[in-house]
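Just one chain is shown here, as structure tokens, and it is the form predicted on its own.
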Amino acid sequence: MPESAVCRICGGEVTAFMDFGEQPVSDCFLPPGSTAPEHFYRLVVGACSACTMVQLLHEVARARMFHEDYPYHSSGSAHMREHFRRVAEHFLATELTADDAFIVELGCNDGVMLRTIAEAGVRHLGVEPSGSVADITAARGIRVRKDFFEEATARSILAEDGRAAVIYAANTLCHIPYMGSVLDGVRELLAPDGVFVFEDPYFADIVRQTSFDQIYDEHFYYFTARSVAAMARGHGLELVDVERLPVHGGEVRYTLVREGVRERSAAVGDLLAAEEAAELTARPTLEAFADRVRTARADLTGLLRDLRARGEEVVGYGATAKSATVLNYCGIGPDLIAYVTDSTPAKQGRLTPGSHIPVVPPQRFADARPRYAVLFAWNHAEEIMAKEEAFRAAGGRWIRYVPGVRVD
């Protein structure tokens, strides 16, 4: 019998459809020679039979994931910097036109979106629990509160700043298991006609592409329009708009408001109908996805073993959080991948979680000119291909595993 749990959204039954086994905390990169024990947890994902929310069955304590040394910076990608600039400009033109307008961003990271808001002179606040990136935000002149957002946080912000015309979150809401407290806080803080806008990985795109590495500790929920609508209703909110986004391997931007405040767009009905037609969370769909994941594991490990047997050196590109799922589920270590190159200084000179592959600066990759590189940062493929044209020109070949294992 598959493992089951109680749904964190509605209290229904969540039945597992994929077990990735024991996994490390995905962004916990180890110093070489460290003797400190690594924390492991069972990475099991399931779907609720009542509200259809796809979610993890085991929670990693938030302090283990989002802490003083959290290494991810949203500003690291030029493409994402432009994406967040456009988000800010949209809010400035539509929702933040009043003189006293106020916007709150949950999980503002290094302030990449709020920077444009602050430069426009609009009242703002970022809520960011990870100390190191919050410090970067503050140094950029952006107002930030080092904290996790929940109902008590919302009340404190309300008392100091008043209600928010916009509450925004990008790649944050799916990280938060205690959703009830967050949504109650949003309802408390939101202006009567305000909007709560968030964007996160879209489960339909994960299924379509077999992008199984999107499933890791920080991503507790995997949203669809149907599950978000049900989640919102439970807290006096309503889903009134959706927008597909071509970022991070496929996301959806959801807009929630207080019930009855705005008309629902046609886009919501269209996406709900598409999800129903695809039977996204039906058992056969989920089991077929799990079968494809197991096939990808066999294909990837088989390819890497064959290349190493032929004496080829294979490296990794991008020490991403999601690569932890690939490396540990597939049993890939330094015997198959010599090193992983990454531009994040906080990761360089350390070892990947669980798999203990050295992380090196980009210059090592440029100088060594390896023959094969596994593209872990595949969601930034276009930007990377343009940046690493010399690798391809020198005969280098990219190994991709989404969608499906192949050598480009």
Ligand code: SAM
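For every residue, the number given is its place in the sequence shown, counted from 1. The model shown is predicted, which means the values in this text are computed figures rather than measured ones.
The following text describes the form predicted in complex with the ligand, which does not appear among the structures shown.
For the three marked residues, Y72, N109 and N171, a heavy atom of each sits within 4.5 Å of the ligand in the model of the complex. Checked against the ligand in the model of the complex, the residues H175, R297, R115, R253 give one hit for a heavy atom within 4.5 Å, which is H175. In summary, among the residues F289, Y221, F102, F148, the only one with a non-hydrogen atom within 4.5 Å of the ligand in the model of the complex is F148. Judged by heavy atoms within 4.5 Å of the ligand in the model of the complex, the contact stretch among the candidates 236-244, 127-135, 262-270, 155-163 is 127-135. Proximity of Y372 to the ligand in the model of the complex falls outside the 4.5 Å heavy atom cutoff. Contact annotation for Y339: none of its heavy atoms lies within 4.5 Å of the ligand in the model of the complex.
Within 4.5 Å of any heavy atom of the ligand in the model of the complex lies no heavy atom of F91.
Contact check for F66: a non-hydrogen atom falls within 4.5 Å of the ligand in the model of the complex.
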